[in-house]
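Next comes just one chain, in structure tokens: the form predicted alone.
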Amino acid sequence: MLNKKVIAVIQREYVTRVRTKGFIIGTILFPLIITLIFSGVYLFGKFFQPSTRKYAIIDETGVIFAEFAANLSDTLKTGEPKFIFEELKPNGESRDELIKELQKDINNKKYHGYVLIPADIVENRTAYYAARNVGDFEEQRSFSRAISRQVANLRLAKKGYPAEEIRDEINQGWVNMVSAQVTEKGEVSKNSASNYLMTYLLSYFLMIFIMTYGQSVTRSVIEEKSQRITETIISTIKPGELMLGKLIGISFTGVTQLAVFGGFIFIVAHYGASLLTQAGLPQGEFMSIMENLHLSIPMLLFFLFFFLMGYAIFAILFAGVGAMVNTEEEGQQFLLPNIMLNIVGFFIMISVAKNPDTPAAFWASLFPFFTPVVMFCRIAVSDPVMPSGAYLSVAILAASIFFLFKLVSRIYRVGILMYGKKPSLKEAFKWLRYK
């Protein structure tokens, strides 16, 4: 079916789209935004260095302050202390009076804030934090940990247990779990959090791209139909060939954009962690996940393959909708079920990513409208092992695309020449019987 006329339609659909400002800007925008985000984190971290914060500490127990301050003796990159703690004692005045004075000092910027450690903290396990702003949750969490450590020591001491010895034993007993995937060729090192994150992101992009370029087909058909361009075109080419050329041409636009995005994601996955470390970002859980991100060339090829297959099955439906309606507003009621099928597949993927070998995951990946996202997810999680049903799902999806194209092309050939008539499913079923 790929004759000269179809190739001409493919070329027209592709060239007219990749030359638009929207496509060029959109293609550049994604890598640019990601780069700006990480660059912004680094630059703002450099330009907006935190300064030393001074806190007043009211320790009604009389035994927690010293260890609390010692556990929070961190320094800034400039070498200055991160916190300065000053212990305040009532000196005959009540707690409320002391806090009122502190509130004035905080408003006058003598202190950034205060921490109240009540006398009954061992029993009630509640401390109080107040400051000019309370947006730094990491700081509050570090204060909570430091106080909790001392409270735990006091509780253990009351029971006659050697607190520090017990804590040392707990620390010595901390186990770092190193994960690996068992394959027929042996074990492959794989971090579960990094693997899940990569699978989730790629599946999300797959859903978005299928939906975005599928709807582009609808808009293209409606635009040509409303401007009466279709009447001229089909005088030289069959409606089925026009539909095929349009589908392929728009898919090439998506492939072009995916090639740029995929190359960028590949670079981030392989070199992002080292670049961020060199830029001065501290080691932590996020950096650990970044370091363990693995995106192979085969995985990118699977992504491209399932994009094309997913795009094909949804774009055929979108083309049918475009042929039935006269405006995009009319098409919304028919587009919604198609969009929901795509979204439901993504929601199924979220559960399948954790349990890719269950019977439910197997059968969900065989349903043609869920196959692109769900089966890709199963392959990404199981990589380098091919999950059960992978080849069967591709065969079912390919057959579904073939028969769906044959079916929808009947609606397309009639619908593109129908003007002014309000579309309905009943009318579309009539068109299916036309020969």
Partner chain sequence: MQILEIKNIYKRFGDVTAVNNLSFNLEAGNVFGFLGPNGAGKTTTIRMIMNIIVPDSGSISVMGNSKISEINNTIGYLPEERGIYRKMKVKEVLLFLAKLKEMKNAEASKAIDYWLDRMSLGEWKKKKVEELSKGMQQKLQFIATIMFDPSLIILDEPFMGLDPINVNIIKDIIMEMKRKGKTIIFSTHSMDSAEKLCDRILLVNKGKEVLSGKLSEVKQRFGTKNIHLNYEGDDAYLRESELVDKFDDFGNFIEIQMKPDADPQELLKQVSSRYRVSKFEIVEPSLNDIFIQVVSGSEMGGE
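Bear in mind the structure is a predicted one, so any value in this text is a computation, not a measurement. Residue numbers count along the first chain shown, from 1.
Missing here is the form predicted in complex with its partner chain; even so, the following discussion is about that form.
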item: Partner-facing stretch of 221-229, 147-155, 343-351, 93-101, counted where any non-hydrogen atom is within 4.5 angstroms of its partner chain in the predicted bound form; value: 221-229
item: In the predicted bound form, the one of Ile233, Leu335, Leu116, Ala131 near its partner chain [non-hydrogen atom within 4.5 angstroms]; value: Ile233
item: Heavy atom of Val9 within 4.5 Å of its partner chain in the predicted bound form; value: yes
item: Partner proximity in the predicted bound form: Leu417 to its partner chain, non-hydrogen atom cutoff 4.5 Å; value: yes
